[in-house]
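First, one chain by itself in structure tokens, the form predicted alone.
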């Protein structure tokens, strides 16, 4: 078996704000943008890595999601506990400075963790946790 992770998904509640964060702050390229209004599915990814994408999607758009589940998802997004992703970079300090300058909410400055990694954390406009780990 030969599998790769092609696309991971994070929810958004303001597609324009999420697009600006991932494109303008993180430097991802836009690979797709379908739908309209708040019901947009936006695919972004790191330049030079066409096999890896992040889908920014409206939360609870699936018709099988109940109103109680939609309410729970909205509450978790508001608290920043619904979605998260781990990115990596060879230069954590420069990346942190760029993201911080983009007015992203800083959750954790670059920190040497006791489990052997150095990382930092931000929240995207939808409240998703974005952890960035230094490649060693």
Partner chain sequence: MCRPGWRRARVQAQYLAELARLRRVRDRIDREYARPLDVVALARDAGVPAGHLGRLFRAAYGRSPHGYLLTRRIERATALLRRGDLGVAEVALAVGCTSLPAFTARFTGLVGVSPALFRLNAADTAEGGTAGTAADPGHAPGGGPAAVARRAAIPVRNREAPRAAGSVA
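Source: prediction; values computed, not measured. Numbering follows the first chain given and starts at 1.
There is also a form predicted together with its partner chain; it is not shown, and the following applies to it.
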Query raised in the report: With the partner left out here, if you bring back its partner chain in the model of the complex, are 107, 123 and 129 all within 4.5 Å of it by some heavy atom?
Result: yes
Query raised in the report: Where, among 70-78, 55-63, 22-30, 41-49, do residues come within 4.5 Å of its partner chain in the model of the complex by heavy atom distance?
Result: 70-78
Query raised in the report: Does residue 86 make contact with its partner chain in the model of the complex, using a 4.5 Å heavy atom cut-off?
Result: yes
Query raised in the report: If you check in the model of the complex, is residue 16 within 4.5 Å of its partner chain, heavy atoms only?
Result: no
Query raised in the report: What residues in 96-120 sit within 4.5 Å of its partner chain in the model of the complex, counting heavy atoms only?
Result: 105, 106, 107, 108, 111, 112, 113, 114, 115, 117
